[in-house]
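Below sits a lone chain in C-alpha cells, taken as the form predicted alone.
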Amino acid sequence: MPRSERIGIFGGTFDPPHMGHVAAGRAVQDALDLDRLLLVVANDPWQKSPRRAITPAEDRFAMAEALAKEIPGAEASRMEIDRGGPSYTVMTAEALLAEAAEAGQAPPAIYLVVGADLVSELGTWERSEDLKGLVTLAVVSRPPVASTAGAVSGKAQPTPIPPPGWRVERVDGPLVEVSSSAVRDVLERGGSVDGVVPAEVMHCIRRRNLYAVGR
C-alpha cells in the first residue's frame, strides 16, 4: 500500500513574505519530507483584521507565489481565499481530507506549521479541539520577533509546550529574526530590505506598488 500523502499547511497573512518564511519552509521540508507544502494565504485573518489594515488577498497571494519559488516543494494555495470569509485552519484541514476522500485516496497526514511564538495561542483558534485531532503540529523554533527588519543569528528559544492533546513534531531553527510588520515599516519609510525579503517577492511588491514602494 502506498503511504499517505504528507501535506504541510503553512498558513499566514504573508503581508509581506520574508526570509523568515523561507527559512521556516525549508527547515520543515528538510525535517518532515513532505510531499506538498501549501503556503495557504488567509482570506480574512480574523485575529489581525480588526487591529490593522490588511493588504488585499490577491496581492498577498501573488507575493506567496513568488515566495514559493524559494522553497523546494512549496506551492501557494488560495483555498482560503476561494472559500471566502474569515480564514479558519480547521476548515482548511477538513477540506484537504475531503479532497482525498473524493479522489478515493487514503487520508493525508497533515502537518500544521507554526512558529514557537504561536503555540500559546492555539486555544484561541476556531474549533481548536477539532483541529488538534486532524493535524500534527510542526513547531518551528525561532528567536523573538524582531523590532526592525533584519536577519541575525542566535540561540534557538525553547519550544513552548502546546496545550494537552496535540501531536507535535519539533523542527529546529531557523535562526532568522524578522517580522512582516517590521518589513512593512521599513518599506513604507522608503528603506531597504535587501537580504530580508526575497528578490522575487520584492519584484512583486514593486510591480503591484505595495507598501508605498514605487509611489
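The first residue of the shown sequence is 1; numbering continues from there. All values reported here derive from a predicted model rather than from experimental measurement.
Keep in mind that the form predicted together with a small molecule is missing from the display, and what follows is about it.
The stretch from 93-101, 113-121, 129-137, 74-82 that comes within 4.5 Å of the small molecule in the predicted bound form, counting heavy atoms only, is 113-121. When the small molecule is considered in the predicted bound form, residue 196 lies well away from it, no heavy atom lying within 4.5 Å. The closest non-hydrogen atom of residue 205 lies beyond 4.5 Å of the small molecule in the predicted bound form. Using a 4.5 Å cutoff between non-hydrogen atoms, residue 141 counts as a contact of the small molecule in the predicted bound form. Taking the partner from the other structure, the small molecule in the predicted bound form has a heavy atom within 4.5 Å of a heavy atom of residue 48. Heavy atoms of no residue among 26, 29 and 64 are located within 4.5 Å of the small molecule in the predicted bound form.
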